[in-house]
Ligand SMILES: NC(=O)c1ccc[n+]([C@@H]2O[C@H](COP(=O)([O-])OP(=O)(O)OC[C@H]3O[C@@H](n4cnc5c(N)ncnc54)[C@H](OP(=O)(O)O)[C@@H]3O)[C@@H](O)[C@H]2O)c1
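Next comes just one chain, in structure tokens: the form predicted on its own.
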Amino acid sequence: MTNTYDTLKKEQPTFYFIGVTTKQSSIMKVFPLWMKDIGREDVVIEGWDCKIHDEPENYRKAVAQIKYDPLSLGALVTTHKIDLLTACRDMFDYLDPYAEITNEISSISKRDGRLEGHAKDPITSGLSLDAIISENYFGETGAEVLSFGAGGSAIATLLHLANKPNKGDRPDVFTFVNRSQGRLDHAREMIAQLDTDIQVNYVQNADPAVNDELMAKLPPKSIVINATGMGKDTPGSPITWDGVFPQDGIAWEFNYRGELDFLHQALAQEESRNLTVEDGWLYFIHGWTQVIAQVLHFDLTPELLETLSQSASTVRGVPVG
């Protein structure tokens, strides 16, 4: 393909972070530590901020920078995973099976002159969820999953659960709630391709009070997820402060930075409802390490993952940006 884009010639190997408010992310502090851990201190990170649902041309410029500049190594993509691939699919030489199924990418890398796109969320969400719940959790509890948000991370969680071979590791019911019908339609089309016994519900709703009602109907020990950008990219929470979490349930906030209203709502009920409350830090660790390993072509062993996790924990909570 002829390069019709003006790209910046980098002076040192550069890893891009394509997001919305990249300077505020802890990765800007963590990344140099990780590069020291893996012996690649020559690699720097650079944020590339795009508006939510940005113009296709802006996504194409970002992808062109990686594709055509030898020292632009690759990128992690947040928020724009679906929109970027929709705008740039023709620029990729390879998409992994998850990217083909979900029509999104979270990782852009290069190998043997090919530009590759991977959807890492099913792996990332799976590793994170498996660290939160025990084997046969759904079989023992009868719990359901309620996901506020039907974007890539939420779909990836459903994909992970649907692929579990043991029935007790799959919920009977998984409900998506989303403000826009388009995201729900995308989720429905993708999930229609699966052979799964999970009953998947799709609810179009933007009223937090209605979300409270949906949450109140859940059986005990159910999992409630905030997979929206609310509390990070946009203000607020998908529920109100009057919403009641399921008894003995799990509240999982996919974000780890921002106002995190949903997380604080859950923490306020942690004792009274005997909640397990998780934020997005573990998701952050798995998400970033999976993509960096893909881009820089190294083996992410359990021992190395532990080293990287320890390094990241040293700067957690340190103000950035």
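This one's a predicted model, so the numbers in the text were calculated from it and none came from an experiment. Residue numbers run from 1 along the displayed sequence.
This protein has a second form, the form predicted together with the ligand, left out of what is shown; the following refers to that one.
Though the ligand is absent from this view, in the predicted complex it lies within 4.5 Å of a heavy atom of just one residue from Ser222, Thr102, Ser109, Asn178, which is Asn178.
Site annotation in the predicted complex: the residue of His160, His118, Arg183, Arg170 reaching within 4.5 Å of the ligand with a heavy atom is Arg183. Annotated contact segment (heavy atom within 4.5 Å of the ligand in the predicted complex): 142 to 150, selected among 240 to 248, 190 to 198, 88 to 96, 142 to 150.
Contact annotation for Gly258: none of its heavy atoms lies within 4.5 Å of the ligand in the predicted complex.
Under a 4.5 angstroms non-hydrogen atom cutoff, the ligand in the predicted complex has Asp233 among its neighbouring residues.
Although the partner is absent here, Gly229 sits close enough that one of its heavy atoms falls within 4.5 Å of the ligand in the predicted complex.
Contact annotation: Asn136 falls outside 4.5 Å of the ligand in the predicted complex, judged by heavy atom distances. Here the marked residues Ser26, Pro56 and Tyr59 all miss the ligand in the predicted complex; none has a heavy atom within 4.5 angstroms. Contacts with the ligand in the predicted complex, taken as any heavy atom within 4.5 Å, map to no residue of 56 to 79.
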